[in-house]
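In structure tokens, the next block holds one chain alone, the form predicted alone.
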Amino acid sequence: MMSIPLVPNLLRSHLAELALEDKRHDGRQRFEGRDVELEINCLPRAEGSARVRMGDTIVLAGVKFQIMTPYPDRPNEGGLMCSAEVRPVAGRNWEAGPPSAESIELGRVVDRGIRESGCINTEDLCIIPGEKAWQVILDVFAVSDDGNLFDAFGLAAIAALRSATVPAERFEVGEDMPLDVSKTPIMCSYHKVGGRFVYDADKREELGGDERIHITLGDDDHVHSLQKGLKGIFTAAEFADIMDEARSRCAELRDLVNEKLEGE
């Protein structure tokens, strides 16, 4: 018979009691995020990079380029590849070895929000149709995991892409140029804790919470991706409440990215 973890159950009960009083364990309001810091071009060996800090969650994103042979069914297109890496140094719940299901999910959710936004036109990455094209390689890495890696990764990823330079001169295929990123998709995640959804859950809230929702919105509030994680359900009223808040929060984070890039 499988034993029931004692600490998560006690934590879940405590968070539920706080929710009844409309409180969170760290004093934040229900839809209040932690302080966010964004640094651009922090990795000198990357073609584009960013560092994001959300509370005690710290992540890095780096962009590199390589020349690929276009796929036969898409001879006029380049490619985009995104991967996430979380090592034991980030937190005690992460283990060494092959990518875990959790880190694979992180990479795929971030990739989907960027890819579905169409912010990178893969046809613009073509050098010689059927022969050469650019492949954009986006890597995100967790330095410290105190919850909500999804949003931290998503913010660092789009900031790194928007700061990236295509190294054409190094590959002898022309002159260096900025990577054309036409939009700024931003992800916001909500976790059900104590029977209600909260924004930017920290590690304790993730441990004592239930299902989560990841929403990626574009510059015009268009929904580029919507991902549900873990088991559970949410009502139409809950979703409408979350979407209203997500529009406002995504706009704030997008302004932060624009401000940092303008200052470079």
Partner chain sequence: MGGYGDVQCIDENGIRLDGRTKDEVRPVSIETGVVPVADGSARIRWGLNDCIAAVYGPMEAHPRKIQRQDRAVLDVRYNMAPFSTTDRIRPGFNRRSREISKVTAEALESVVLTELYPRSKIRVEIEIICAEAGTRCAGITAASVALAHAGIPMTDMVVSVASGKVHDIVVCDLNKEEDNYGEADLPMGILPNTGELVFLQMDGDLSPEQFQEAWDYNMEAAKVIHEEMVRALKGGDE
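All of these numbers come straight from a predicted model, not from anything done at the bench. Numbering follows the first chain given and starts at 1.
The same protein also has a form predicted in complex with its partner chain, omitted here; what follows describes it.
Of the candidates 111, 105, 124, 85, 85 is the one whose heavy atoms come within 4.5 Å of its partner chain in the predicted bound form; the others do not. Checked against its partner chain in the predicted bound form, the residues 90, 168, 181, 80 give one hit for a heavy atom within 4.5 Å, which is 90. Residue 209 falls outside the set of residues with a heavy atom inside 4.5 Å of its partner chain in the predicted bound form. Remark: residue 60 counts among the residues lining its partner chain in the predicted bound form, judged by a heavy atom distance of 4.5 Å or less. Although the partner is absent from this view, residue 56 contacts its partner chain in the predicted bound form, with a non-hydrogen atom inside 4.5 angstroms. The closest non-hydrogen atom of residue 66 lies within 4.5 Å of its partner chain in the predicted bound form. Site residues 96, 137 and 141 are all in contact with its partner chain in the predicted bound form, judged by any heavy atom within 4.5 Å. Contact with its partner chain in the predicted bound form, judged as any non-hydrogen atom within 4.5 angstroms, is confined among 22-30, 213-221, 37-45, 232-240 to 37-45.
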